[in-house]
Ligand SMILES: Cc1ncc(COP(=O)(O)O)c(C=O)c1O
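Here's a solo chain for you in structure tokens, the form predicted on its own.
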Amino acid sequence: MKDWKNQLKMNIKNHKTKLLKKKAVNLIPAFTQLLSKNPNRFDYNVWPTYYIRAKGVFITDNDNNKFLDMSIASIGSVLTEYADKDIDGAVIKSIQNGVSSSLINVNEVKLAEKLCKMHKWSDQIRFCKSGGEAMSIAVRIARASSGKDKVLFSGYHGWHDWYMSANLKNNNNLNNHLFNNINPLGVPKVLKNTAIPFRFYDNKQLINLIKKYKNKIAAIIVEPIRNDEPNKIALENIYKIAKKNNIILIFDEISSGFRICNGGSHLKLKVNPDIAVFGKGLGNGYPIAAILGRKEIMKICDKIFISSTNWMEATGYTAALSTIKKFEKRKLYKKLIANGKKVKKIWLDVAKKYNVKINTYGIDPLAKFDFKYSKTKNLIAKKILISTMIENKILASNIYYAMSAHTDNHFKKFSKALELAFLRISKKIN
């Protein structure tokens, strides 16, 4: 068997990418605006990193290599396909009519009305441009409305000070929610002990935290689904605990929204929060986020300052309306679920064939797997996987965020390349 790295050098040109990376290292602190797109999280030496064109389910890098994307779908923000002609068509028309003016774009009201109609428990909405800032707004609203400061949370909710402050007390507090040993440098120390994590399924821990911080808790925040299958009972228990203690309940639907039904996953689970936050796939790649809430809570926005110029830019509202329309017409969440199931089955079937030990997890549209070896062997296996897939002009790792545009032909190509990758992993590790 030829060395996969030597084959890669013969098949993939990356001269321009290397030059651009050298520039970026000096020009951009921490290399990229989004940690999840840092090539170090894949394989720095072979991951293409920069693109010049994204169309359908293919991405062309700046060395003009064209790859089938079976990976992170712009970190889950693209649900249909890149450069979706229906959504882009609506946005282009919006651009031609002017994306910003001294007045408010009508689509802001149309989108608010649409989302409230879909989520009948909600009454009012605020908009912004990204999920992290939307969660910050939701926390601000909850604190202002309740007159309390502390927040109990489970899951990943962004990079802002309110959330990162959890690690001021202990650098390990976010280990099971975000990444291990995140250093909260730059977060004001006075925020220590204002955001407290709890385990999603641990009702006893949650109740004990409520007793400990009695009458000081502004909100309980959870992701209804992420790495585990939807658990209606667990969510109902959290709902009951929040209601019993008169605490605002916030659902972070940034990653889960529109993946298992039209709208928030809580609609399928039939458990309604006081506030729900959407982002990522809401605009199919265009920047838009929404904070939905009950009127008695949201009305506090009349008294607090939450404001930004570009929140009123029109393309996000237009893209969201077009995305929702497409999802409602075609029930595309069903395709996302089906595609995720297919990829999980391919992973498991090929792993079994070549005796590669893996563990799959995550809801089907946000599928993941881990190698089940030592830390060192896991890293080796992941590098072989990514390198082999790149060699076959496929972007893939141990994560698959489903796009509805993936077809059986794409899965066949993916499966064939994965067989070669797992064969190499088996020969190297077993």
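The first residue of the sequence shown is number 1, and the count goes up from there. A quick note: this is a predicted structure, and the numbers were derived from the prediction, not measured.
The same protein also has a form predicted in complex with this ligand, omitted here; what follows describes it.
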So which of P287, P184, P230, G132 gets a non-hydrogen atom within 4.5 Å of this ligand in the predicted complex?
G132
Heavy atom within 4.5 Å of this ligand in the predicted complex: which of K268, R226, K192, R294?
R226
Test of understanding: in the predicted complex, would S255 fall inside 4.5 Å of this ligand by heavy atoms?
yes
Whether R126 contacts this ligand in the predicted complex should be assessed with a 4.5 Å heavy atom distance threshold; does it?
no
Could you confirm whether W347 comes within 4.5 Å of this ligand in the predicted complex, counting heavy atoms only?
no
Give a yes or no for K280: in the predicted complex, does one of its heavy atoms lie within 4.5 Å of a heavy atom belonging to this ligand?
yes
Specify the contacting stretch among 247 to 255, 308 to 316, 82 to 90, 212 to 220, defined as having any heavy atom within 4.5 Å of this ligand in the predicted complex.
247 to 255
Listed by sequence position, which residues of 139 to 161 have a non-hydrogen atom within 4.5 angstroms of this ligand in the predicted complex?
Y156, H157, G158
